[in-house]
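Presented below, as structure tokens, is a lone chain in the form predicted alone.
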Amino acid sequence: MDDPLIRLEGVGRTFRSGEIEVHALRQADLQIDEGDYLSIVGPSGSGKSTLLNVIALLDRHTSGTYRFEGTDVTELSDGARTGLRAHRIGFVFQSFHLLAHRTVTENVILSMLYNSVRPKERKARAMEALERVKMSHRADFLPVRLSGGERQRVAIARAIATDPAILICDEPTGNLDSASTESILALFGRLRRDGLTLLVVTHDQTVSSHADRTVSMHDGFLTEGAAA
């Protein structure tokens, strides 16, 4: 039987603030299989950002076991974690993080500078990713000439150009109007049907309703299913 893409078993994250111990994540159990479309919902301070950072290998858990594609990441060096993150995880954020002085194509190519994609293949890979998000006609534009929805499409192209195992999205529609939000959600649906695994952190129930599964965070505890 194949390993799940991601498996958390009793994962916790504790911070210290002076003499106070803060349990930001408590005994989380979660499995994400290849091809899943999962949303994480919860109010501010619930622990959802902590959970995302642990899953994305941006932060280390302090208890429990986290396996990514069968590999226990607990004992990996910082360099090994960085390499795993660069090769296997794509990121999309609320703020698009596009470089204003670089064209759309150049912004997408930048995601491959620290990846194993050979230099001579990068432009073709970038154009392929832009085609997938229906932005190839804007390839030579600067981000300032794009709408918010178009900028987020470019950010998604940048994230998928490296062929990640999972696309992790942190409030990806937070800066978009309703029409652009619907367009991005439709794009997520197409990517999921193409086989990409998606993890979306959101406070918006409309956004979370498009996922196949929802987990809720409250006071550091994770529960399968949307909050009541």
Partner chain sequence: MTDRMRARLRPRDLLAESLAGLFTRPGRSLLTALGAVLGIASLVATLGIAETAGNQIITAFDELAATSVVVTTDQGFFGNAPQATLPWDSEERLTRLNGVTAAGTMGSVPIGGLLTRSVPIKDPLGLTEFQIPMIAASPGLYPAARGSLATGRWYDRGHSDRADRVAVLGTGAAQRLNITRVDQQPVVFVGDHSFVVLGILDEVERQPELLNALIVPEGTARDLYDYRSPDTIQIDTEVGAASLISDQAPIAVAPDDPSTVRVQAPSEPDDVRAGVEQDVNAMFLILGGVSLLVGAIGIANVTLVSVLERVGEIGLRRALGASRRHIAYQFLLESTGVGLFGGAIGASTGVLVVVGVSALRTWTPVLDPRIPLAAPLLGALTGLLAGLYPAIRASLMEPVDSLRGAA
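Computed from a predicted model, the values in this text were never measured in an experiment. Numbering follows the first chain given and starts at 1.
Only in words, not in the display: the form predicted in complex with its partner chain, which the text now covers.
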Identify, from the list 53, 183, 46, 197, the residue with a heavy atom within 4.5 Å of its partner chain in the predicted bound form.
-> 53
Should residue 83 be counted as a contact of its partner chain in the predicted bound form, where contact means heavy atoms within 4.5 Å?
-> yes
Residue 136, heavy atom within 4.5 angstroms of its partner chain in the predicted bound form = no
Indicate whether its partner chain has at least one heavy atom within 4.5 Å of a heavy atom of residue 122 in the predicted bound form.
-> yes
Might residue 153 be said to contact its partner chain in the predicted bound form, defining contact as any heavy atom within 4.5 Å?
-> no
Non-hydrogen atoms within 4.5 angstroms of its partner chain in the predicted bound form: do 58, 78 and 116 all have one?
-> yes
Counting only heavy atoms, which residues in 84-102 are within 4.5 Å of its partner chain in the predicted bound form?
-> 84, 85, 86, 87, 88, 91, 93, 95, 97, 99, 101, 102
